[in-house]
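Only one chain is given next, in structure tokens, and it is the form predicted on its own.
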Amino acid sequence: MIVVMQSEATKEQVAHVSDLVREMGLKDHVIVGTDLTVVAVIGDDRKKEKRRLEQAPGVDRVVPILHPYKIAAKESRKERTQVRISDACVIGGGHVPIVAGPCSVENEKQILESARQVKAAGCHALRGGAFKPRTNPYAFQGLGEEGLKLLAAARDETGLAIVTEVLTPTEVDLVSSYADCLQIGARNCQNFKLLEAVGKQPKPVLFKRGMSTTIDEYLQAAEYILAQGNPNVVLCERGVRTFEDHTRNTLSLSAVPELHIRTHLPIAVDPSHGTGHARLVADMSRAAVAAGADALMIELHPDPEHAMTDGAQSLTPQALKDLVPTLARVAQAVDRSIN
């Protein structure tokens, strides 16, 4: 459940509610909003004494939440969360940023050229993997820290914030020292130790849905990050595994409005991984914006035919440049904007 404080509640009254929660043997999590402050009460429902909390000074009301996720639940926050990756890339408002770039960082020339093309197309941040989880143990695994240094060089030249994946808890500090936003990939959606580790650092987290993860499981996984004190979480729908074989995954765009109903967290869509085919990316990007996506993650490569990873789903620079104006028109139709 959550304790909604009165608009004029003092810090001392909020602290008193937190003390009461801890006295019950439960965990408190204070969420300070623009207009209201709420205290999420986390733990065994049998220990929650609603009436005791309702009587505390400064309390407006106590709201039971049936979801197993408390902090991620829409009821815990009056306004939708906005996550700032950079001044040009704020996810969760009326603006729909585009994060684009190659699946993996291959070399200096490739990532710098990609960054320039992403910038020229009117996108807002650069994606690129320095560490790559691969099904085949002999496939290209990324450049590691050297890749992070190349991403930082691309940021220095273009001004684009960088979004890159972290694979293990031991690498969180390293990746956080270079990245503007840490990505958790689909394969690590329920790697709870990793989720806790990124929750303990302050950088925003772009959190991809697992390929076989239900919406309920996904939000419970996101709760691991939030419960560690990091509120800057962007959910990312990237398709789920089904019987269908004409695409790499089945991009579940219905998940976008469903997540908006259940959570205050912003939601990005990755149509590149969601389809696996460059020919489908533009149409699914437009559909994602129409469905309410708060951001797009799109793969671009200056030479997709020779990409070391995911070339088949990567747009060419010209294709990305042609796509952005059409996204702007769709966004305008649903009272949003791209640029």
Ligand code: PEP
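None of these values were measured; they are calculated from a predicted model. A residue's number is simply how far along the shown sequence it sits, counting from 1.
Unshown form predicted together with phosphoenolpyruvate (PEP); subsequent notes refer to it.
Contact between Arg187 and phosphoenolpyruvate (PEP) in the predicted bound form is found at the 4.5 Å heavy atom cutoff. Using a 4.5 Å cutoff between non-hydrogen atoms, His273 counts as a contact of phosphoenolpyruvate (PEP) in the predicted bound form.
None of the heavy atoms of His264 is located within 4.5 Å of phosphoenolpyruvate (PEP) in the predicted bound form.
Although the partner is absent here, Gln183 is a contact residue: one of its heavy atoms lies within 4.5 angstroms of phosphoenolpyruvate (PEP) in the predicted bound form.
Partner contact region in the predicted bound form: 131 to 139, out of 193 to 201, 131 to 139, 110 to 118, 83 to 91, criterion any non-hydrogen atom within 4.5 Å of phosphoenolpyruvate (PEP).
Shown here without its partner, the chain carries Asp28, Arg77 and Glu223, none of which come within 4.5 Å of phosphoenolpyruvate (PEP) in the predicted bound form through any heavy atom. Interface residue among Leu150, Cys103, Val205, Ala125 relative to phosphoenolpyruvate (PEP) in the predicted bound form, by the heavy atom within 4.5 Å criterion: Cys103.
Taking phosphoenolpyruvate (PEP) as it sits in the predicted bound form, the stretch 236 to 254 comes within 4.5 angstroms of it through a non-hydrogen atom at just one residue, Arg238.
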